[in-house]
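In the form predicted alone, a lone chain appears below as structure tokens.
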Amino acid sequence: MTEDTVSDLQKWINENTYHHSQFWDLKKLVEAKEKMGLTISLCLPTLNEEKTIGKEIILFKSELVNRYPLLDEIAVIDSGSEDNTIEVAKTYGADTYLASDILPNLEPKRGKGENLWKAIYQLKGDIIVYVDADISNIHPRFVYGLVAPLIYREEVKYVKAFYDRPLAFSGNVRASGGGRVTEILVRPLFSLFFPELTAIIQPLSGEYAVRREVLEQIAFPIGYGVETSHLIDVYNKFGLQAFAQTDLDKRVHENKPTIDLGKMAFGILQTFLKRAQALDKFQNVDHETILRQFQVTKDQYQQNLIEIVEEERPPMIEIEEYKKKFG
């Protein structure tokens, strides 16, 4: 990375990185949204989230629909929960959909990326904001902090969340660092092949707001690779200037065990290799879809073979039903 590139990245960070407190005036934000004639949809992708989904819906509906009409709809897209996620969501007033019921002529697939992709067809907003359903410390900032840059800046197309960045606010310095998979896998890969994307502080964060015109043009891995693919594809189509990012202070949720992170990393790596190859970042690389992990039972070391295939849905704009629905 040249000195000029480093300087350009720092300039981008200075101009496109926000703290949610900059957007505290929700009345002003709603006025700007209405002046622009924008509609905003909130998508909560779920799988067995009965413990937290109700609190999220209550908070977002009371603060961002009733008190300040920032959101035009709140929808749960569910992967087939076996608990009471759907019932709880309905009780508290969210629109609820099973991902398998959306575009039923397509073979159903299961994964978070599938839910996000089908939300583009099902929801009506000019902007779709995605928020994970397992956040214990949920707050309106998880929505307004992400949609505000899109409302105030027409050139911004995609806004990512991040948490706990190593900067001082009001005299307090918080711990730095993204998630484990970010630091061990994604940031090194971006550093090697897409150095500009290292300016995204937490590339795998599950909270982001995006303009429909962007979402409908990009493919979606149905599983673990969806966030990584978004960054590479949006960057390739629109450049770094299409992005912004907002510090949401803190996000509390249950951490995944290391063995699950291995599966996540394996799926992300497949997605990354596919895109790097398509963009001629290196010569063609054939890779397996079998992840090998070890399980220890007493004094036995058993190798488990797990197949993880990162299938993808095409850009929504190619789906005939979508073309008919949105003209």
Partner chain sequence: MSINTVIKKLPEIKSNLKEFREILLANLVMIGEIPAPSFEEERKIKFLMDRFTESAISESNIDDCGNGVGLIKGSVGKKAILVNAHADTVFSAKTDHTMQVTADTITGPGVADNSLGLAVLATLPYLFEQLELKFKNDILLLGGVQSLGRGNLEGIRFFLDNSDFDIKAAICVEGVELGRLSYTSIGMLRGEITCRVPEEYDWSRFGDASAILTLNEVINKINDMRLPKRPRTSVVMGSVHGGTSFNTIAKEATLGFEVRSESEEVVNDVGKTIENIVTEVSSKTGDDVELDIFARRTPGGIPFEHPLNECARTIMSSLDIEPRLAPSTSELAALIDKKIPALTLGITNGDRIHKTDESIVIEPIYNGLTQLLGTLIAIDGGYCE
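From a predicted model like this one, the values you see are computed outputs, not experimental measurements. Positions refer to the first chain, counted from 1.
This next part talks about the form predicted together with the partner chain, which is not shown.
Practice task
Indicate whether the partner chain has at least one heavy atom within 4.5 Å of a heavy atom of residue 262 in the predicted complex.
Solution key: Result no; residue 262 lies far from the partner chain in the predicted complex.
Exercise for the section: Decide whether residue 241 counts as a contact residue for the partner chain in the predicted complex under a heavy atom distance cut-off of 4.5 Å. Expected result: No, residue 241 sits far enough from the partner chain in the predicted complex that none of its heavy atoms falls within 4.5 Å.
Exercise for the section: Answer for residue 217 alone: is it within 4.5 Å of the partner chain in the predicted complex, judged on heavy atom distances? Expected result: Residue-level check for residue 217: no, no contact with the partner chain.
Practice task
Find out whether any non-hydrogen atom of residue 258 is located within 4.5 angstroms of the partner chain in the predicted complex, and reply yes or no.
Solution key: No, no contact at 4.5 Å.
Practice task
Can you check 209-217, 85-93, 145-153, 103-111 and let me know which stretch has heavy atoms within 4.5 Å of the partner chain in the predicted complex?
Solution key: Every other range fails; the passing one is 85-93.
Practice task
Sort through 277, 62, 289, 48 and report the residue having a heavy atom within 4.5 Å of the partner chain in the predicted complex.
Solution key: Going through each option in turn, the one that passes is 62.
Practice task
Taking only heavy atoms into account, state which residues of 51-68 are within 4.5 Å of the partner chain in the predicted complex, ordered by sequence.
Solution key: Contacts from 51-68: 51, 54, 55, 58, 59, 61, 62, 63, 66, 67, 68.
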